[in-house]
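Take a look at this one chain, the form predicted alone, written out in C-alpha cells.
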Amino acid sequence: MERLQKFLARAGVASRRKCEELITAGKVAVNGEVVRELGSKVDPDHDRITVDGQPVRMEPHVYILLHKPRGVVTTAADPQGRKTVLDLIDLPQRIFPVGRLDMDTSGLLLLTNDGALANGLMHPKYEVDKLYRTEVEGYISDESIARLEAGVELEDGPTAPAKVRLLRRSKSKSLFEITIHEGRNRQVRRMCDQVGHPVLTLKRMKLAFLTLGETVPGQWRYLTDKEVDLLFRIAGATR
C-alpha cells in the first residue's frame, strides 16, 4: 500500500504537489469512488485508479532535456490555446515539466514522468543551482549587482544570495549571468525589477550540471543514464 498522491506522481500524472491538487479537487477516483483525502492509501496492483475518468497505469520512466523556445507555455495544456512544451515532444508516455519557465523565458527545461525525481529537484532544501543569461535595460551598476548577490526584498520575502557574472554593459542595456537555487515564480525578473533594471531577455543556460549543449530552440533529447543517476543523487531521491 502507498499514498495515493505518491502513486500518481510515480505513474507520471504530475508532480506530487500537483497530484495533491487533483485529489482535493475531486478529479481522482479509486475503484469508482472519488477520493479527496490526501492520506488515502491504495494498492496499485489491485485498485483501479483514474484521473478525470482515465485509468492510470505505471509506465517506463523517461527523462528529457528540452531547449524551450520563447512564446511557449510550460504546462500540459493551456485553456487559451497557446502552444505548450508538450506540443514540442511527441511521446506515448504522459510527461510533465520539472518546475517552469514563463512564456517569455527560453532555455533548459527538464520533463519526466518520474515524480520522485521531480519532487527532489524542486524541493528547496536541495538548493539545485539554475543559471540564467539575463539582458536588462540600462547600465547595471556594481552596486545593483551587489544587491542581487546579497539578496533583494520581494513581496514574498527576501531572496537567497545569488551569484552574478557580468558579461557586458552599456548605457542602453547590460548582459550578465545570474545563478539562483530558489524556484519562485518569475524570480529573476522580479529581482531585476527590484534593482531598477527590467529584463529584456531571459534564458536558462544551466540546471545543476546540465547545459543546453548544441541543442537549438524547440529541440529535445533523452538524458543519459549517467545524467539521470547524478540527478537522483543531487535530488536525494531513489531511482
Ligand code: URA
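So that there is no doubt, residue numbering starts at 1 and follows the sequence shown. These numbers were taken from a predicted model, which means no experiment stands behind them.
There is another form of the same protein, the form predicted together with uracil; it is not shown, and what comes next is about it.
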**Message:** Taking uracil as it sits in the model of the complex, is residue 96 in contact with it (heavy atom to heavy atom, 4.5 Å or less)?
**Reply:** no
Q.
Contact with uracil in the model of the complex for residue 101, defined as at least one heavy atom pair within 4.5 Å: yes or no?
A. yes
### Query
Any chance residue 202 has a heavy atom within 4.5 Å of uracil in the model of the complex?
yes
Requested in this report: Using the partner position in the model of the complex, report whether residue 206 sits within 4.5 Å of uracil, counting heavy atoms only.
Outcome: no
Checking 159, 144, 113, 105 against uracil in the model of the complex, the residue with a non-hydrogen atom inside 4.5 angstroms turns out to be 105
The listed residue (61, 27, 181, 189) that reaches within 4.5 Å of uracil in the model of the complex by any heavy atom is 189
Counting only non-hydrogen atoms, the one stretch of 181-189, 210-218, 39-47, 52-60 within 4.5 angstroms of uracil in the model of the complex is 181-189
Across 124-162, the residues having a non-hydrogen atom within 4.5 Å of uracil in the model of the complex turn out to be 132
